[in-house]
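Only one chain comes next, encoded as structure tokens, the form predicted alone.
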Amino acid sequence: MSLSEHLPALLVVIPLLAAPLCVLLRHPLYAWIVALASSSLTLLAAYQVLMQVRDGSVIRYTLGGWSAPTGIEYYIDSVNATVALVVALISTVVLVYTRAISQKQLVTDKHYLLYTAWMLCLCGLIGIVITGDAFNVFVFLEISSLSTYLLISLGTQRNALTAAFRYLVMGSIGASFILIGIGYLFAATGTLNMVDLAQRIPEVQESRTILVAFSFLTIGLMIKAAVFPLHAWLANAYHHAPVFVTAFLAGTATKVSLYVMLRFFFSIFGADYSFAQMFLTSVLLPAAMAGYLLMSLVAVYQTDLRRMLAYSSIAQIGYIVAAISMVSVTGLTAAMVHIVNHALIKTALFMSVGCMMYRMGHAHIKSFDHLIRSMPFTVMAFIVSGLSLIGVPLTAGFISKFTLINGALDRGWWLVAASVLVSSLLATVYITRAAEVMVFNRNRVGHPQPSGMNEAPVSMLVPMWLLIGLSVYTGINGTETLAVAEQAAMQLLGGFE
């Protein structure tokens, strides 16, 4: 067998082996090199896997020689291959960025713990995405969650421990709901293989067991994805975690949970059962609309950039959930495109905030008077990424929102289309308010700015601008991204092969 045939296994094995190696090395530099090399190899493997399934084919990789449904398999199509590539890309780029700022914000003897937890989190997230076994989703979910709790707790303030504990409580509740739902699925069908579940559920879908399983999974996934109103854990976690950890999690964790939502609702239960018989649109759409309207409004009144962007993330999740609720090719295309675009945009935004914190020591908006004078590259990165978040034409965010509005209009949901525009106007308010302070406000008494150039290190600026460049390219030439997303949408609506 060639190495290319084992790429699905390598996606999980590489970061899993890197984690204990970081513990054994313990040296900050060596642990970082191992983590970066492992993440880069995972990125390369994810890209090769995506190239193999771009034509609509599917990879079914069996583990241990036990064929499904008896054994465990990895099931990879264009849907999860795209998500896996995004997760690996964000991890690799942010790891390059992390080296300089972690030396300043993290105690030296905790660096190896950072990279160990990072690799375990990457392993868990990739595993969730590519596994074809429902119980394995829970196993990998716990691996990523436990490592995420540790990553958040590494924040410099004591509030980081509180935020990690709150996330632990909410995350445990969500995981418990998911585990119970999977247990009921097994009780009703006698299998945990996702393809097999999709074939057997229609035979027993009228039973109360399937109803309970569907209900528990819906609530658990909404908690994990931070869908309004089950979003309470996200704002504190993003605010108090180290900013480089927040950049990584903002681009990966909730996106993976949204992918699992897509996989369960469309591929396993089927769109007809989930949305026609169980009226899931009546649950998800109001929650999504309330999320992107209310959370955008809350973001307007925030005085800390990290908290502002945290509430903005909840609003962006609302867009994706609204797109999922449309149950159409256009809607699912918008969901997939926005999963990718928002991962790039929000990661770049948090990286720009990290650059500001590297020099200024905080993220208070009112203290950034005329920051463009001393940190022009960082401020411009924030502005460009912010414009993409708003959805200005020629940006990645515009492609996402334009597709989302088209999907809403195709369904005749004029109120949804209008509310998306209102939410975008609110995003314009909180982004331009911060940008105005950085560009136009002159120094006030008590907020002196450093004179001359005082930019963040090049090792932080380059990866940040790399993501911004990808985002701008996607906005200008969005046909390729839309084509991949549309193919993924059709595969989701068609179910498993």
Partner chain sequence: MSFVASMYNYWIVIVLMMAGLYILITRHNLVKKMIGLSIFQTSIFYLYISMGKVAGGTAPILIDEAVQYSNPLPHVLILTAIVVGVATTAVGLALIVRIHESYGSIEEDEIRVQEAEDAQ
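Just so it is clear, the structure is predicted and the values come from calculations on it, not from any experiment. Positions refer to the first chain, counted from 1.
One more form of this protein, predicted together with its partner chain, exists but is not displayed; see below.
Enquirer: Taking its partner chain in the model of the complex as the reference, which of 421, 290, 204, 187 has a non-hydrogen atom within 4.5 Å?
Expert: Flagged contact: 187.
Enquirer: By the heavy atom within 4.5 Å rule, which residue out of 282, 406, 172, 215 makes contact with its partner chain in the model of the complex?
Expert: If I apply the 4.5 Å criterion carefully, the residue I get is 172.
Enquirer: Does its partner chain get within 4.5 angstroms of any non-hydrogen atom of residue 270 in the model of the complex?
Expert: No, no contact at 4.5 Å.
Enquirer: Decide whether residue 198 counts as a contact residue for its partner chain in the model of the complex under a heavy atom distance cut-off of 4.5 Å.
Expert: Residue-level check for residue 198: no, no contact with its partner chain.
Enquirer: Do residue 374 and its partner chain come within 4.5 Å of each other in the model of the complex, heavy atoms counted?
Expert: No, residue 374 stays farther than 4.5 Å from its partner chain in the model of the complex.
Enquirer: When the contact criterion is heavy atoms within 4.5 Å, does residue 179 count as touching its partner chain in the model of the complex?
Expert: Judged by the heavy-atom cut-off of 4.5 Å, residue 179 is in contact with its partner chain in the model of the complex.
Enquirer: Can you say which of 136 to 144, 247 to 255, 88 to 96, 315 to 323 gets within 4.5 Å of its partner chain in the model of the complex, counting heavy atoms only?
Expert: After filtering at 4.5 Å, what remains is 136 to 144.
Enquirer: Select from 152 to 177 the residues with a non-hydrogen atom within 4.5 Å of its partner chain in the model of the complex and write them out in sequence order.
Expert: 153, 158, 159, 161, 162, 164, 165, 166, 168, 169, 172, 173, 176, 177, in sequence order.
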